[in-house]
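Just one chain is shown here, as structure tokens, and it is the form predicted on its own.
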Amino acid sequence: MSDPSSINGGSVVAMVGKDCVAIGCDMRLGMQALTVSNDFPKIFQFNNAFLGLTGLATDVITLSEVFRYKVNLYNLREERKIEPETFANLVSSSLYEKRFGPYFVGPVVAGINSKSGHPYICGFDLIGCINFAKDFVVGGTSSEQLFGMCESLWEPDLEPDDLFETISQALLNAQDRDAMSGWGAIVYIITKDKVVKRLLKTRQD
């Protein structure tokens, strides 16, 4: 049997700019080489934090609902919105709880701290070990291609429009070289005062 994390395919990438952050994913849901849907978003918003989930589609859907429940509970108890750093720790502890029968996902968290305005991104392995980054993090079946594209294109202190162009080119070119992801993409550009969501049309083959 193949790696459960790669059965349904999918890719996600997060990137830091100047007082902004971007996160993008492809739209493909597959059953190995067979494409089932081209309308399967993998990014979920939880207040100031955005969670990108790739891996086994059933675990992606389950975890998105688990975190929606836990974030709503946090908001009620703390009477404030959850910050990206706190949400990252919540993701880590939730995954580690299931370490003996893990969720087959590769989460990526991105967001802007509402108080300091600092961008924040990080990635995880399937049992919750946090991978902090100051430039970009990637996940999914096209990780190797994404690493190469991001290292080629990313520059420090990109403005929001330039960051959108950079992350879009990296994501589209990487998924063109990966049969398990593609079929369109969604990119979120997050600044302290607004979130811009853009849908990218790509080759449908």
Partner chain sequence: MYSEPYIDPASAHAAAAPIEHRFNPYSDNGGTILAIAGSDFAVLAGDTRHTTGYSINSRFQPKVHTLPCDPPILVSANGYSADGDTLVRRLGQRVQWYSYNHNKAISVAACARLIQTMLYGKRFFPYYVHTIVAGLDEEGRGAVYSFDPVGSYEREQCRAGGAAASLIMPFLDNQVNLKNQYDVQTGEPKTAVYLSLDDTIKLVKDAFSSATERHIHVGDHLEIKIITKEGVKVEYFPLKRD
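Residue numbers count along the first chain shown, from 1. Computed from a prediction, not measured in an experiment: that's the story for all the values here.
Note that the form predicted in complex with the partner chain isn't included here; everything after this is about it.
**Q** Does any heavy atom of N48 come within 4.5 Å of a heavy atom of the partner chain in the predicted complex?
**A** N48 lies outside the contact set for the partner chain.
**Q** Please check if M27 has a heavy atom lying within 4.5 Å of any heavy atom of the partner chain in the predicted complex.
**A** Answer no; every heavy atom of M27 is more than 4.5 Å from the partner chain in the predicted complex.
**Q** Should E155 be counted as a contact of the partner chain in the predicted complex, where contact means heavy atoms within 4.5 Å?
**A** Because no heavy atom of E155 falls inside 4.5 Å of the partner chain in the predicted complex, the answer is no.
**Q** Check whether L56 has any heavy atom within 4.5 Å of a heavy atom of the partner chain in the predicted complex, and answer yes or no.
**A** Contact check for L56: no, nothing within 4.5 Å of the partner chain in the predicted complex.
**Q** Only one of 90 to 98, 77 to 85, 131 to 139, 106 to 114 gets a heavy atom within 4.5 Å of the partner chain in the predicted complex; which is it?
**A** Among the candidates, contact is made by 131 to 139.
**Q** Taking M149, L172 and D176 together, does each of them reach the partner chain in the predicted complex with some heavy atom inside 4.5 Å?
**A** All three within 4.5 Å in the predicted complex.
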